[in-house]
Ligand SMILES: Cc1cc2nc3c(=O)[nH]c(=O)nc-3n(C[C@H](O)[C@H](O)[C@H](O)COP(=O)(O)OP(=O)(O)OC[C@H]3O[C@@H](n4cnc5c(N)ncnc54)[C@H](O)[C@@H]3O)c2cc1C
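A single chain, nothing else alongside it, follows as structure tokens in the form predicted alone.
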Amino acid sequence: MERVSPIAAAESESIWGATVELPKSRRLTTDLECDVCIIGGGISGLTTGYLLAKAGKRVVLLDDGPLASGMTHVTTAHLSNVIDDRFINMLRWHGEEKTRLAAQSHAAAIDFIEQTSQELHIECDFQRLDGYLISAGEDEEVDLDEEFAASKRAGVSVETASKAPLAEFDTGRCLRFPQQARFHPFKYLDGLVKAFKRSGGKVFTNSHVDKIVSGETAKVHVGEHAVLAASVVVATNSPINDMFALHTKQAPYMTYVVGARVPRGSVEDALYWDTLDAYHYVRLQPLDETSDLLIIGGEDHKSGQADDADERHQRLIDWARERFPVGEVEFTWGGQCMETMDGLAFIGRNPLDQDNVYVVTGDSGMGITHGTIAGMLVTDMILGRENPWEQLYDPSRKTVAAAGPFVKENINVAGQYLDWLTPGEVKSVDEIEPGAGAIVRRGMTKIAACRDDDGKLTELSAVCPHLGCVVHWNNAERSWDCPCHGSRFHADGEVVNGPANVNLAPVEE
């Protein structure tokens, strides 16, 4: 069984990267001028870059790691217009017109992926299929009858079914949503990168953006070099270009996934979700001539606020084995979702910059379709074309009806600062075993200390450079995770996920 880590994406294969390696690119070593500079080489950045380059714009794309090495690296790649937060909630937060528009935008994203893969002749295992919302029984958080009615009001095609088409799992009554889809994201992005470059797009990887200075001509600083651009798109999963504007309106959640073999054809190729909170989500990916890979996700928690990944993976395995003909478990992994207060991503002009800086964040568990929506919407905005989704995804929006989730999450964040008042997790670094990490109090200071497998000790400031929360050790991925806004760092302190954009500081002797 292989553990896949987005923190170590540059060094390890993912389920998606095992058969496809995206084109390698060089580091930025000179100053450049362009029409659009895109920061982030995941689904959002690459879709935006492809469309703008296709429209004739001079586009430079920067990523501080390999392409698609962030959250796109660990997606489960469900393609669905069935909103994760459920249509019951979407109608309460947004009303019928906007909820319909949201569902239409996700359906349009699926259509875009299908059409683009056909136009560019990308063999990415794209397949239209049904999605099934299954009752979780006594523990369910969603009433199927209410969700059926809400889905109808949202304009989504839905039917009731006596059970899902699973031989070993009697689901009972469920909802069927036709015209969902699945695909292989790395195969798709491989074709997208190549098309982007053919259209004149330039890609630079291992090129960390230190600062973005907005203005009539924006300036993106990369070490000693800079990119001057008429427009900038920040597509870094969590924005690195502001401290507060969006981070109070979304919350980071870790989600866990296992990939297990099932006999080829033993499970109906479809998407499956249950009604728990946090819910389980299941799909298939063709593996070889005799097996499919059953991908099962769930067991979410606030980032940095639990360190029991092995237990959560085991619960997913146990849940799956009760319902599917699961064989050998091939992969376990986790990823981080940015959950917005109202179930929709933030896509558009950054609230604190001039009109030529755009931001993409708040994947809300639907990163592939939200990322594709971002490419379509931001392209239209930069080209001056009207788009019906602009107000819906406006990063400056204030969804009054979703005030409850907003208050709840920010109270949770405030509570994390109490870590400053607690003692260390261990009294001395001598208590830290090889391969482990812990917080140590040293006077008024908290130290993030860890040892590698050989016992070598690394000591860092435990203070997240974003807004000063105390980071927590993630034993499964050997990373330091911020429990406030989701910044994540390698064991050596190197930042790998925003909103922090600098490393954990070394301990001053």
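Quick note: we count residues from 1 along the sequence shown, nothing fancier. This one's a predicted model, so the numbers in the text were calculated from it and none came from an experiment.
Although not depicted, the form predicted together with the ligand is the subject of the following passage.
Just one of 432-440, 161-169, 127-135, 359-367 has residues with a heavy atom within 4.5 Å of the ligand in the model of the complex, so point it out.
Within 4.5 Å of the partner lies stretch 359-367.
If the cut-off is 4.5 angstroms on heavy atoms, which of these, 240, 218, 309, 267, is the one near the ligand in the model of the complex?
The residue from 240, 218, 309, 267 that makes the contact is 240.
Taking 4.5 angstroms as the cut-off for heavy atoms, does residue 37 touch the ligand in the model of the complex?
Contact with the ligand, no.
Residue 477 versus the ligand, in the model of the complex: is there a non-hydrogen atom within 4.5 Å?
No - in the model of the complex, heavy atoms of residue 477 and the ligand never come within 4.5 Å of each other.
Hey, in the model of the complex, is residue 52 touching the ligand, heavy atoms inside 4.5 Å?
Contact with the ligand, no.
Is there a heavy atom of residue 62 no more than 4.5 Å from a heavy atom of the ligand in the model of the complex?
Residue 62: contacts the ligand in the model of the complex.
Relative to the ligand in the model of the complex, which residues of 30-44 have a heavy atom no more than 4.5 Å away?
Counting only heavy atoms within 4.5 Å of the ligand in the model of the complex, the contacting residues of 30-44 are 39, 40, 41, 42, 43, 44.
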